[in-house]
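Single chain ahead, written as structure tokens, the form predicted alone.
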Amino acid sequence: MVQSTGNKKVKCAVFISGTGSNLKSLIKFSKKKNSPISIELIISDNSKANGLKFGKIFKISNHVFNYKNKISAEKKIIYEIKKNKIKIICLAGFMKILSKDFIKSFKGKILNIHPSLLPKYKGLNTHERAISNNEKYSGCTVHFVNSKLDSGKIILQKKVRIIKGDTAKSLAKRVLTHEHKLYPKAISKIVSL
């Protein structure tokens, strides 16, 4: 549980690498009166990430870090997080694996959304793998981040039926609409005002 102090919203950073559709839904969620979080920081490893435009639109501080030197990048990120008094980190399509030391620094404060029903289909190409294995369901999972890939404690999951004729693209699109609802629910579950 992440507890806020004095009924103020908990300060949150969102890490992205791409389009930022989950970022956008989290920003909308954070603007609601009863939302327990306020997004103060957007962090990316990709200067061309489409999601960075939401920082400009919603006037949220954006920082892009070059991951060629991971240790140096993470040091700078930790500095920004501490400077902005961030209490919770939401990974939303962030395509870099965080170091054990980074995770240890924010133990129990880093969440991730993953497009499968974990523990099935960790890592990439989750929809292709679910379809080629003739699964009846795919879905999405919000979980705490630990040092093993997509293996942290599960907070919430949502099942999505795989329809005959589904492609990885059509399934991904349907799962994404559920991701946008599930992430805010999971945050409300672990962050209390």
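Being a predicted model, the structure only gives us computed values, none of them experimental. Residue positions are given as counts along the sequence shown, with the first one as 1.
Below, we turn to the form predicted together with a small molecule, even though it does not appear here.
For the candidate spot formed by S35, C90 and K185, no residue has a non-hydrogen atom within 4.5 angstroms of the small molecule in the model of the complex. The partner is absent here, but in the model of the complex a heavy atom of I113, alone among L118, I103, I113, I86, sits within 4.5 Å of the small molecule.
In the model of the complex, the small molecule sits within 4.5 Å of a heavy atom belonging to T19.
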